[in-house]
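This document opens with one chain alone, in structure tokens, the form predicted alone.
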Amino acid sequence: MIQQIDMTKVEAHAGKVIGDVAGALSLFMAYIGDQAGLFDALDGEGRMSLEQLSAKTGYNPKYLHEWLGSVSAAGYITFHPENETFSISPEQALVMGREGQPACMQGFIQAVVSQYEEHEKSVETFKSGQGRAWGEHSQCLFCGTDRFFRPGYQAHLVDEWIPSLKDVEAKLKEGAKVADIGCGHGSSTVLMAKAYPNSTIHGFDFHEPSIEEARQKAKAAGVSNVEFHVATAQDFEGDGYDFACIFDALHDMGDPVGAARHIREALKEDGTLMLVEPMAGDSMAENMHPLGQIFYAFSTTVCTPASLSQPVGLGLGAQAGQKRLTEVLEEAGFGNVRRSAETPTNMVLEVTG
């Protein structure tokens, strides 16, 4: 059967793809600007000419001319055609630079760039149907992931998420035993150690290079009430924990039920698990928006392959949703699951019983 082609729809779809190509290249330009310090060089300077920016940074004006054209067209900085100058507004600077601010998106951008860095491996993994361990990715992914999540933890963890849990904040202030499972570079672990000096925070991760980085971060922060150990969520040592937490990591685990079961066994009878997971609805239809698009993409190349590389290989995916997560937690033996807080990118579940 010959199908009629509606060229208006073809043109509209091609236009959508062109916009996506522009966005993809803009992220790459943003990454270059970040690594070269260009957004910071523009920040607070008002309008700058090409020659002034070149003189300040020492970069080749020919390269700067092309880069400025791209990021200006993207709206990442502002071009002033009346005098051929460039500036970055305070709002643009918060998103494109100013390291450590919650609005800074450069960690997210860095994580995206890491996926293109090893694109052939991603295609090979996808076609094979096999897993790909977290440690087999580019170092750029580990740094970008920590860099993206860290400001959010700083903005929400101590001031909002922990206070949303019943009785947990009081225990931490008095002195509690805490397990931060899948701690990565240890940003959340160190943050809790600083906020609750009477508590002892144990950070666990199966990726040894990340644990080494976490130890260095703790040393630099000057905290002594923190310990880091190489261990999986299913076999970390110790019991009698008052509080356990997992940040954006349960869906990456091959056996999340086994992990949750081990955590439940390691907690005190009145202990609490705080599970932080990507924001998602309970059906794919509810996730048909830009954030869902992003999370499904990272899940395709990072989260699901990591799960499939481990025993059981459940492959929850980064858009599992609260209903599916609750089923996993109940199968592990927990009796109560409640959403206690949320942000545009994360849901926070209080898990007890």
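Please read all numbers here as calculations on a predicted model, not as lab measurements. Don't overthink the numbering: it's just position in the shown sequence, from 1.
Beyond the structure shown, there is the form predicted together with a small molecule, which is absent from this document and is the topic of what follows.
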Taking T145, H207 and Q234 as a possible spot, do all three reach the small molecule in the predicted bound form with a heavy atom inside 4.5 Å?
yes
Among Y196, F228, Y241, Y153, just one has a heavy atom within 4.5 Å of the small molecule in the predicted bound form, namely Y153
Which residue, M192, M274, A249, C104, has a heavy atom that falls within 4.5 Å of the small molecule in the predicted bound form?
A249
Give a yes/no on whether G184 approaches the small molecule to within 4.5 Å in the predicted bound form, heavy atoms considered.
yes
Residue contact check: S26 to the small molecule in the predicted bound form, 4.5 Å heavy atom
no
4.5 Å heavy atom contact, F86 to the small molecule in the predicted bound form
no
Within a 4.5 Å heavy atom cut-off, is M253 in contact with the small molecule in the predicted bound form?
yes
Sort through 90-98, 219-227, 122-130, 176-184 and report the only stretch with a non-hydrogen atom within 4.5 Å of the small molecule in the predicted bound form.
176-184
